[in-house]
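Just the one chain here, laid out as structure tokens, in the form predicted on its own.
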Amino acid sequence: MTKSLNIIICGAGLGGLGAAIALVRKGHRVIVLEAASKLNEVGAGIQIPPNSTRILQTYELEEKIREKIVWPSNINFRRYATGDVIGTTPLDPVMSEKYGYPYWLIHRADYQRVLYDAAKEAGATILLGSPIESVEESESGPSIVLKDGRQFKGDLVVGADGIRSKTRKTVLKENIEAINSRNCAYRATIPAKVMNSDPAIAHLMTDINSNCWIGHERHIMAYPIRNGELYNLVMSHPGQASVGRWNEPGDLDEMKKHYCNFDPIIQRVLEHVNSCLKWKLAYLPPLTKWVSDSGRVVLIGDAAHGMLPYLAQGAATSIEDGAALAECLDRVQDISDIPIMLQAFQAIRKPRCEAIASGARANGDIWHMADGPEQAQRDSEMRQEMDHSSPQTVLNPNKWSDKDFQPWLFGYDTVKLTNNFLDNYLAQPLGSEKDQLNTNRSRIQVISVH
């Protein structure tokens, strides 16, 4: 019989709330501690691919999310200077037909609110205005000390506290800082009525696609969100900003200057931006471990595998983490089982997330090529794939459409594969072999099951 655990989650972002839902649904008692005094998830649009919509539907959230989402027909990759489409990935209805689950676009704040409400309705306790001072470990179990002196003790602590995680230091016994990429990103939204008032760009609100203009060292990803109420823009460019800070004001003139040689259509869109936010694009190196020495503190989401946004998988992998963690802890029959099951969680999740993070960095390099022979070859290969004339031996530069990578990424069934892994894992005799599963072996098992 599964033991009901007292679990403390640090952080009420998308990953922490997703984990809270999964764990409460399994019968655990969950407290979520969040530093912010109110829900103010800054940002704009976020993509929800099939590997996470699969999970959200098991949480019975589709009806609530449907009120807030857009169903894009395609991701179109465009030549930065002309807007010509050089590659495309069909999304609706193709994703549902291939993988059984759709691809959605949503405002990040709407996504967080849906998860927050669902976690509370399921029975999680969420304490806002509760910044963490430290995460402590003792023989009797882990505990959290807040900045105001309050203390919380549990059977398990889940660090979902982002790329600047405090929990990470407890796990690793050292400070591992995020690595700055060369780029920052602007975020902005434009009301639909403003977009529709300009005949030159109004079509972008009715042609429901995610459009990505790619050029040297920079790109613009743009699409409608909030059921067509807003047009969302994410603009990557070389620059500096504060790591982990989402609400740093951006300079509009500087923003427009970065894209002064881009397609006149997207430049016209930028003329209608009246404010923007700026944040630094950073990522974590592969960590040595996600589980503390005591086996009672575990990292998930950006705290474990913060990645660049060039595959739109940061939130998706965090949602996967929560679902996988719940399946692992569902096998716990005694407190002493927690370390074993967290090691299993790490063995399942770490290789996949690190492979996706590596792919995201590589995708940025592909998008941000300088004009020249390599860029021309990239564009040619993407067009061939789009026209279905690409030789089978040619790797697709458009990772979203790659015949091997796409099903591995979007077709991943977290719950099924986690349980398949656990069945194999628990069938082994207790001892050092089980306790020291290496990541190469786990990767082979997970991928072979898929």
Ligand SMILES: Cc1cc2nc3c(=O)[nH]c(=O)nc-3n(C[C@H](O)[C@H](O)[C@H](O)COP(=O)(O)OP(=O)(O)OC[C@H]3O[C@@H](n4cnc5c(N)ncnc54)[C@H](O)[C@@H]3O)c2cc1C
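Position 1 is the first residue in the sequence shown; the rest follow in order. Values in this document were obtained by computation on a predicted structure and should not be read as measured data.
The form predicted together with the ligand is left out here; the points below concern that form.
Checked against the ligand in the predicted complex, the candidates 409, 33, 386, 65 yield a single residue with a heavy atom inside 4.5 Å, and that residue is 33. Checked against the ligand in the predicted complex, the candidates 347, 114, 312, 332 yield a single residue with a heavy atom inside 4.5 Å, and that residue is 312.
Here the chain stands alone, but in the predicted complex its contact with the ligand, taken as any heavy atom within 4.5 Å, falls in 313 to 321 among 313 to 321, 370 to 378, 69 to 77, 356 to 364. The closest non-hydrogen atom of residue 56 lies beyond 4.5 Å of the ligand in the predicted complex. For the chain shown alone, residue 46 is a contact residue for the ligand in the predicted complex, at least one non-hydrogen atom being within 4.5 angstroms. When the ligand is considered in the predicted complex, residue 19 lies well away from it, no heavy atom lying within 4.5 Å. Not displayed here, the ligand is kept clear of residue 298 by more than 4.5 Å at the level of heavy atoms in the predicted complex.
Applying a 4.5 Å heavy atom cutoff to the ligand in the predicted complex picks out 11, 12, 13, 14, 15, 16 from 3 to 19, in order along the sequence.
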